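Given next, in structure tokens, is a single chain: the form predicted alone.
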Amino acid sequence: MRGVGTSAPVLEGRGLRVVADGRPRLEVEAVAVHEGEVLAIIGPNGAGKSTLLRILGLLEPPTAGEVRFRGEPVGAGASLLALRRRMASVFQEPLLCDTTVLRNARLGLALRGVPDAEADRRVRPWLERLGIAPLAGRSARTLSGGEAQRTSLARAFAVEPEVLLLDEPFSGLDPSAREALLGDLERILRETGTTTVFVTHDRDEAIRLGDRVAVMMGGRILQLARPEEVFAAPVSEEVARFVGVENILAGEVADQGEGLLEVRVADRSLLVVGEAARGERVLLCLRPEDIVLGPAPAAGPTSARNALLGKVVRLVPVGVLWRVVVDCGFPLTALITRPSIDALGLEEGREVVAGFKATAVHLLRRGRLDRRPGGLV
């Protein structure tokens, strides 16, 4: 599923608030996950992501507010336990008993009163799908981190949950195990249409798995939208920096025309698509992958409305890419490949042209500049 249907939410929180030591730790006005949707909740450490997940999973009560399951307010007592058993949770650390993989995988069914033979029948297809069927008789003590987490996922899927809750399930894995499990989980979620709430601090995981992404900071949801909207059009500078917008330039609108704005940044004029009034202060948000570097002076025509001459001041490897910082009178950061580094002969001090399209810029409005000293409207 990509997007949200018109059906009522499967799980939602309203007016959720958590207070600890006299201070608010969580304040979420509304959040919901719909049938077949994967809602990814991202944010830095301490943002309140796991607290929100535990509340939605009925593992922790809020100080105020309510959780609704299929439109009905969640109560307490036996009804609470019954609702919990309609969900399944997988945490950052696999919670496995000192027994075999098979027995661990069928534990959720055993707690629901399913006989062993029936539990085996329901569990074994999940061991196959998650690639751990050959490990069924092995002790959980002997498993690698990836194998242990696959066992936890098999246990969760075997109970056929109406809602699956995932709390940073990949964070303790090495890169190869993480990538393999992420790919398998992505495929399973798409095939099964399991309604899922997925907490992570990793932007790439959120993009790959999430139908919608909620960005949390300071206990609040600052933006909730489709991944492409969150990552291309963040609602604030704070969100922009978290979702990987490395170039945030402060400027002033100097002119309007031809559907474009002319924005002055330092002593440069940049053309961007957006809506703002002349004299208004704005922030230009530009992702590093949207900046194209070329030789100086620029050779041949370019589709970029903005082509700025500058000097390379830093080159830093970032996985298979390189982060290149160019001083154009203000710093611009680009992400490019190693072959591009070699082709351009990039090194510190080398002149280059940094180009980007007017449509690549996301504009944040900050208000009109008052010409009186210190004035801001």
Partner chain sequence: MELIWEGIRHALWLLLTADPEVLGITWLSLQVSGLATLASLAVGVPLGTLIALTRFPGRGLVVSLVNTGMGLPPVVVGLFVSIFLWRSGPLGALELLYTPTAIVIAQFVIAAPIVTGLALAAVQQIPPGFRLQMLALGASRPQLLWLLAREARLPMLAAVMAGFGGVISEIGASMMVGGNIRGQTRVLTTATVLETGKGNFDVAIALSLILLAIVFLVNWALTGLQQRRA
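This structure is a prediction, so every number in the text was calculated from the model and none was measured. Residue numbers count along the first chain shown, from 1.
Although it is not shown, the form predicted in complex with its partner chain is what the next lines describe.
Student: With the distance limit set at 4.5 angstroms and only heavy atoms considered, check whether Leu81, Phe91 and Leu111 all reach its partner chain in the predicted bound form.
Tutor: Judged in the predicted bound form, Leu81, Phe91 and Leu111 all sit within 4.5 Å of its partner chain.
Student: Please check if Thr196 has a heavy atom lying within 4.5 Å of any heavy atom of its partner chain in the predicted bound form.
Tutor: Result no; Thr196 lies far from its partner chain in the predicted bound form.
Student: Evaluate Thr99 for contact with its partner chain in the predicted bound form, applying a 4.5 angstroms cut-off between non-hydrogen atoms, and reply yes or no.
Tutor: The answer is yes: Thr99 has a heavy atom within 4.5 Å of its partner chain.
Student: I'd like to check something about Met87: if you look in the predicted bound form, is any of its heavy atoms closer than or equal to 4.5 Å to a heavy atom of its partner chain?
Tutor: Yes, Met87 is a contact residue.
Student: Using heavy atoms and a 4.5 Å limit, would one call Leu59 a contact residue for its partner chain in the predicted bound form?
Tutor: Leu59: contacts its partner chain in the predicted bound form.
Student: Quick one: of Ala250, Leu95, Ala296, Ala225, which gets a non-hydrogen atom within 4.5 angstroms of its partner chain in the predicted bound form?
Tutor: Flagged contact: Leu95.
Student: To verify the annotation, which of these, Ala177, Ile221, Leu107, Leu130, has a non-hydrogen atom within 4.5 Å of its partner chain in the predicted bound form?
Tutor: Residue within 4.5 Å of the partner: Leu107.
Student: Where, among 118-126, 287-295, 181-189, 151-159, do residues come within 4.5 Å of its partner chain in the predicted bound form by heavy atom distance?
Tutor: Going by heavy atoms within 4.5 Å, the stretch is 151-159.
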